[in-house]
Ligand SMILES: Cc1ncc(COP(=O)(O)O)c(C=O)c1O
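Single chain ahead, written as structure tokens, the form predicted alone.
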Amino acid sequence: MPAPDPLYTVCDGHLCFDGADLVELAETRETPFFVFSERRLRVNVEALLGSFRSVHAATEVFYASKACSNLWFLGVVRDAGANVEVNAGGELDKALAAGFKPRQIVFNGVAKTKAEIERAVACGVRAFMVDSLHELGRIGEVAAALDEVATVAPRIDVHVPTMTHPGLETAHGGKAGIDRDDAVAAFRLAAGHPNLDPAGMHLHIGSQITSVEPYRQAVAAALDIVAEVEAAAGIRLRFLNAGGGFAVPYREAPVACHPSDYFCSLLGAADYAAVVGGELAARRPDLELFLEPGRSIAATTAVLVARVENEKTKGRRDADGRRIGDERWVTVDAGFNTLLEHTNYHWYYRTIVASRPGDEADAEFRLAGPLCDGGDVFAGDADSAYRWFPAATTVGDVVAFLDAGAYTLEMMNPYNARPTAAAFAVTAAGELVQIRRRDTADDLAAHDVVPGAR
């Protein structure tokens, strides 16, 4: 059991999440499926807002909708007091459909099309986070054609290492942002364009960052650049966007965590606020602070419920092929079609056999997904290849993957023509509602075209 998390309890011998009996749900619904908690979502938003505003009152949270852009989810985020950050025209459309006003939306992304920029300028988004000098010119051209002024915040690569997964590092070289040596040129270009308003600077440094030190270095570097570009371009910025990246403890943490173990974190919102908000409050209290957290808001709001569909024992062999032991395998009905990060980033999700939560996890298993792909095998516990489950775990048991609310619904795919999963939510009133339906056979073929067929 994940302790001391009050959302996880044992009810009649089954694992419950926010009061919902996961095994009972699996008896009447096709697995795999997700269960979200409105209560946890609200707590996560309120913790970030409260922690940062207690240090720097002029703070706004723009939830990074790429983590989960389900319309129900976005509606709760908005109602809880956060704004939203989008990365594409589709995310903009969903944000508007969820009730966000254009002034509550910032537009990020590294490859904005002219059509997306036109849509965002025309509807009046709060600001564009600008990825390059080329894009800055493109936004200016579009705004001029529409006779509008677009608010912009160039994204500067402050070149700070973060010790996270290489695919999640965004401000130490790589594809995102403007080189710091070009910062002055970017702000001069924006300041000199009649249809651009350079109101801020953006510096998002990555995701799942388990130390505050990269934030300390990044904000300090950013404020130095702010002073430089203000002097060079003759402007005064109104906000600094520090991005997100606050870590989620996917692995149960020991007394201390090494910063390079990006699944292990002992930090909370207050720790990040003390550094990011504190640095800003000390050096530039006039600047508003924008934040773009995604994973830290979404991850702990959901579990994935799957079922064991196969089991077998295979030999464990040495380098010469001699059998030196046994490996027990269990295969569940959710793989990287449902949890893509488990393969593309070798991501770790804690698991509990929801039908046996009171039994001791005393046996090693290899845990695999159902896909016709040898890579569809889940990472083990404690950097091993094995998961510890009760020895009696068998076909028919229900398995819960914890902290599955971020980058899951968004990344599902129909590989092997497996329907993407449904999602349900436990509302603040304790009611179970459906927030996403499972794919049907018609959905799986909906975009296929057979030439000449009627």
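Not measured: the values here are computed from a predicted model. For every residue, the number given is its place in the sequence shown, counted from 1.
Here the subject shifts to the form predicted in complex with the ligand, a form of this protein not shown in this document.
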Interface stretch in the predicted bound form with the ligand - options 287-295, 226-234, 178-186, 266-274, non-hydrogen atom within 4.5 Å: 287-295
Among the candidates 66, 40, 418, 56, the residue which, in the predicted bound form, approaches the ligand to within 4.5 Å (heavy atoms): 66
Sole residue of 337, 83, 208, 300 within 4.5 Å of the ligand in the predicted bound form, by heavy atom: 208
4.5 Å heavy atom contact, residue 154 to the ligand in the predicted bound form: no
4.5 Å heavy atom contact, residue 33 and the ligand in the predicted bound form: no
Distance check, residue 401 to the ligand in the predicted bound form, heavy atom within 4.5 Å: no
Proximity of residue 162 to the ligand in the predicted bound form, heavy atoms at 4.5 Å: no
4.5 Å heavy atom contact with the ligand in the predicted bound form for all of 202, 246 and 407: yes
Sequence-ordered list of residues in 108-135 near the ligand in the predicted bound form, where near means a heavy atom within 4.5 Å: 108
